[in-house]
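In the block that follows, a single chain appears as structure tokens, in the form predicted on its own.
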Amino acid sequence: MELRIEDLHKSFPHGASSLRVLNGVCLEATCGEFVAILGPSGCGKTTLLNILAGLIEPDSGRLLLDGHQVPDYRSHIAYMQQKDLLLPWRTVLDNAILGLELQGLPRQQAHAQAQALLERFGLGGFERAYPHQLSGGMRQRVALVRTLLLQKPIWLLDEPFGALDAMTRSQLHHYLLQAWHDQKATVLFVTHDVEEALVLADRVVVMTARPGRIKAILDVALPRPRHVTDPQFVALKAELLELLHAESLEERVYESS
């Protein structure tokens, strides 16, 4: 499903005035495309995903799916937030099926679907474990399974692997890309990690400092799996770092003015 964002604006109350967070964001993700979003802290990346997920309303602008405004657009979207948000009183299996239960799927059917995906994501044997018994990487895998089980055409992923070690993150990149390839979903993936963006995405979007807008979009025309030592990869990383460094300088000027 194609996702198009047109002229999105958002401000929040800030003392006696308001704080502009998004300033005319325009972005398009074609059907089945994996798009990563980079930008300075506070530039509105999470706010953008929260708007797309229907958690908050924009001040203006619109969201189009396949070229149309869809009243129930949230039914087409699965959202994985920064924290795993697992319920401590539910087992791994019951956490994984939470979204399916909310959609009305009978528990037996939901369990059967979740079991297969948990096995595939290396969580076989942990179905009856509770969140406190899992490592951080395992908790993130459960949250990812819960998101993917919804089988939505659009995935919003907000720094889902940000707090993980490099080895665990690499494993989860593999799981995510495999699931994305199978489901052919359209993905918006927010990250602070330039290498992560380049490993995963078809295109990388760079946002400006607050108030956020789109500064640049880079195509990543490299075959997968990608290697961080590949000269083309290194060149793209340098270009992105330069864009982000320039934006950080502009942010400091904005804050001091």
Partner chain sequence: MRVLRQLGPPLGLILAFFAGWETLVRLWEIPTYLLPAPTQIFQAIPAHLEILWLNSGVTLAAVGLGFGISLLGGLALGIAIFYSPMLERALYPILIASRNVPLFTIAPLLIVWMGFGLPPKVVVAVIIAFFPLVVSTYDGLRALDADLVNLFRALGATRWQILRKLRLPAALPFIFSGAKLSLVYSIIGAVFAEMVVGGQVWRASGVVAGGLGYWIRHATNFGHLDLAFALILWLSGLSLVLFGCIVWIERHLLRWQRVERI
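From a predicted model like this one, the values you see are computed outputs, not experimental measurements. Residue numbers count along the first chain shown, from 1.
Beyond the structure shown, there is the form predicted together with the partner chain, which is absent from this document and is the topic of what follows.
### Every residue of 115, 174 and 181 near the partner chain in the model of the complex, heavy atom within 4.5 Å
The answer is no: none of the three residues contacts the partner (heavy atom, 4.5 Å cut-off).
### Message
Considering non-hydrogen atoms and a 4.5 Å limit, which listed residue (218, 214, 55, 63) is close to the partner chain in the model of the complex?
### Response
Filtering the options by heavy-atom distance leaves 55.
### Query
Which residue, 134, 93, 145, 187, has a heavy atom that falls within 4.5 Å of the partner chain in the model of the complex?
Checked against the cut-off, the match is 134.
### Message
Just checking whether residue 99 would be counted as a contact of the partner chain in the model of the complex - the rule being heavy atoms within 4.5 angstroms.
### Response
Answer yes; at least one heavy atom of residue 99 falls within 4.5 Å of the partner chain in the model of the complex.
### Query
Is residue 79 a contact residue for the partner chain in the model of the complex, using a 4.5 Å heavy atom cut-off?
Judged by the heavy-atom cut-off of 4.5 Å, residue 79 is in contact with the partner chain in the model of the complex.
#### Entry: Distance check, residue 120 to the partner chain in the model of the complex, heavy atom within 4.5 Å
Residue 120: no, not in contact with the partner chain in the model of the complex.
### Query
Does residue 106 reach the partner chain in the model of the complex if we count a contact as any heavy atom within 4.5 Å?
Judged by the heavy-atom cut-off of 4.5 Å, residue 106 is well away from the partner chain in the model of the complex.
### Task
Could you run down 5-43 and flag each residue that has a heavy atom within 4.5 Å of the partner chain in the model of the complex?
Nothing in the stretch sits within 4.5 Å of the partner.
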